[in-house]
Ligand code: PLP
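Next up: just one chain, as structure tokens, the form predicted alone.
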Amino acid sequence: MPGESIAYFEGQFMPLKAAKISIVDPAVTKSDIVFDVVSATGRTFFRLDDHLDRFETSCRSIRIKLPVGRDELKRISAECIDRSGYEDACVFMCGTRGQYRGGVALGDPRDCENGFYVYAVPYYWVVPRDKAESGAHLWIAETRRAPDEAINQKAKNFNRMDLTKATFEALDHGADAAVLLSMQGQLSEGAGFNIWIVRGKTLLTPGENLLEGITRRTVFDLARDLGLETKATNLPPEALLEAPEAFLSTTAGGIIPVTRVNDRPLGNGAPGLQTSAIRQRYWEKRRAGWHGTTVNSLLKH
């Protein structure tokens, strides 16, 4: 039976609830931290190297140097799953600035000793799990996504006040999740997912002011398999409101149909045919080991 979530923190494995960060750590006081999340199904990571590429790029973008190499990071991630006992999991890996000299709340970031931690939790869904089947209710938020000129959204980070505010908007309107617009009024992304619009045999997704998701990349691959065209482009909110079909792509749930936006249903109010085909292909290929790395292959014996 699965035990409890396990973290690797300050050089050792421990129960997740035992891993603590100081209240004056820049990760707390300044959200000075980047992260990534990789999923595993049946103790097999999906696109682990792609996630590590992005994580390392995020660290470089804010000048955090990881204290371990890639092979060690893989092993630690696998150990967190193995020690937790999970078959299906999400593993968070976080790069931190580290505390300022003297353990104070302010200082020279060049003097910080960069750190990192990793932890495993049971696999989860970015919307309620039943909506991954029946279709999510999405809300186009009034809150705007922080622009890339202020916060580089291609670096996966915890500067998330805009996403949190938008999530409250969605929940207050009875929706499951929010999608934000850029400062220019174009569709961007939501908290933990990218958005896709289906028009016949063409899949459209926003191209700017967003994190380029690993599952988003996977949709481009799956579309080629299914003979569908894809395009990353600027999209106004009307494109989503009037879409015959739409879906989310996310590590936390894979391909999730959208069946309602704001106060109106999409299409006939049921998951679309193209969405269902993409979702089926996604899980079939994952379970067959596509882009997979097993936990056991990374453990030291």
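From 1 onward, residues are counted along the sequence shown. Values in this document were obtained by computation on a predicted structure and should not be read as measured data.
Missing here is the form predicted in complex with ligand PLP; even so, the following discussion is about that form.
- Proximity to ligand PLP in the predicted bound form, taken as a non-hydrogen atom within 4.5 angstroms, holds for one residue of Thr275, Thr44, Ser58, Ser249, which is Ser249.
- The partner is absent here; in the predicted bound form, the one residue of Ile151, Ile76, Cys90, Leu163 having a heavy atom within 4.5 Å of ligand PLP is Leu163.
- Contact check for Arg216: a non-hydrogen atom falls within 4.5 Å of ligand PLP in the predicted bound form.
- A residue is said to contact a partner when one of its heavy atoms sits within 4.5 Å of a partner heavy atom; Glu189 meets this definition for ligand PLP in the predicted bound form.
- Remark: Arg145 counts among the residues lining ligand PLP in the predicted bound form, judged by a heavy atom distance of 4.5 Å or less.
- In the predicted bound form, ligand PLP lies within 4.5 Å of some heavy atom of Asn194.
- Proximity to ligand PLP in the predicted bound form, taken as heavy atoms within 4.5 Å, picks out 152-160 from the listed stretches 110-118, 167-175, 152-160, 68-76.
- By the 4.5 Å heavy atom rule, the three marked residues His51, Arg54 and Leu211 all count as contacting ligand PLP in the predicted bound form.
- Applying a 4.5 Å heavy atom cutoff to ligand PLP in the predicted bound form picks out no residue from 10-30.
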